[in-house]
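Have a look below at one chain only, the form predicted alone, in structure tokens format.
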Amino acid sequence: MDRMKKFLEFLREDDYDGALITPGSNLYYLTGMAPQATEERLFLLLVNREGESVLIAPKLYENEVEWENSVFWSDEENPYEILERVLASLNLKGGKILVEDTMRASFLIHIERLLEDCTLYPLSVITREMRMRKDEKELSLMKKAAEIADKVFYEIISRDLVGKSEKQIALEIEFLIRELADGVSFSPIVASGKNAANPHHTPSERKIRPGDFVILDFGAKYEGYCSDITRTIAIGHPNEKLKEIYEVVKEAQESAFQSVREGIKAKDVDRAARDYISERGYGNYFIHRTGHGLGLEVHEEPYISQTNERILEKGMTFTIEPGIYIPNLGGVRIEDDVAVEKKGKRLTNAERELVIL
């Protein structure tokens, strides 16, 4: 409720009249509610600038969701008729209204018809500023998620991977994470051989073989908070060119990490990694930003990119993940989760030296 109180302060300060919030990371952050399987039926929290609120939810959730003012609708009812009455009772028929960024288009189209006298804005104009700076409780949950990712990495490399498909290893990673955490932050990436030249490769039936470099990219979700780790390993006798590239990426990642401190710009962290890679002749093969924010979502603010002027502050969390990808050869990426204190603090700590299995 402290978060909701702060949200209302921002709402009034920025002269918004209210907000419509559907299930997702923002609803969880503000209320602790995390209802499952809400995609098909309208589930909506309405809040006005005075702090009055009403929850409209399917009757399916009546026994598990608690909110002081709630209206539960059955499948025989039209939820938008209920919504129209609630909008009027909260005086939300006009003005500036914040709407959840990820709201389904099928919901938003109906809602827009009821809010034809309103101007709609994305909810994230407020929530991204609130969520970007993690408190000690949030950081402890993220540390736990990171420790789970480290543990899964060591378990995976303890196994015999030769002859297994990328898809098979990805499933093993997911199973291990689900044993230890709430679930995965995202579908694991396993990219081997030439496939490792594709940063977001979808695991395939290709089998791991001696000489491969293999990118393992995955994360755990613990009490809502995400981790995201990438390690690149070698199988058997690795290609000498890829070994050279590995050392470049490792040092670029370390350079970016050492640059992290309060008061610098996000783009300065990106520059530290990018300049190191470019100076060694691989700049054209580093084809993505250096990192992204991390928290309740695996991709959020602040983004560690070449153009982001955001000043880093205590409590901000993000990844540092430079990579080099060479078509028809392979690729290397090394990624850690980092929190800003006075300097940077790594949350993931699995081995960064090249592991050769």
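Sequential numbering from 1, following the sequence displayed. Here the structure is a predicted model, which means the values were calculated and not measured.
Here the subject shifts to the form predicted in complex with another copy of the chain, a form of this protein not shown in this document.
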Spell it out for me: taking another copy of the chain in the predicted complex, does every residue among Ser106, Arg113 and Glu179 have a heavy atom no farther than 4.5 Å from it? yes
Mind telling me which stretch in 95 to 103, 147 to 155, 234 to 242, 258 to 266 gets its heavy atoms within 4.5 Å of another copy of the chain in the predicted complex? 95 to 103
Heavy atom to heavy atom, is Leu42 within 4.5 Å of another copy of the chain in the predicted complex? no
Give a yes/no on whether Gln168 approaches another copy of the chain to within 4.5 Å in the predicted complex, heavy atoms considered. yes
Within a 4.5 Å heavy atom cut-off, is Pro122 in contact with another copy of the chain in the predicted complex? yes
Does any part of Tyr29 reach within 4.5 Å of another copy of the chain in the predicted complex? Heavy atoms only, please. no
Counting non-hydrogen atoms within 4.5 angstroms of another copy of the chain in the predicted complex, say which of Arg209, Arg85, His200, Lys137 makes the cut. His200
Taking heavy atoms and a 4.5 Å limit, what residues of 294 to 311 are near another copy of the chain in the predicted complex? His299, Tyr303
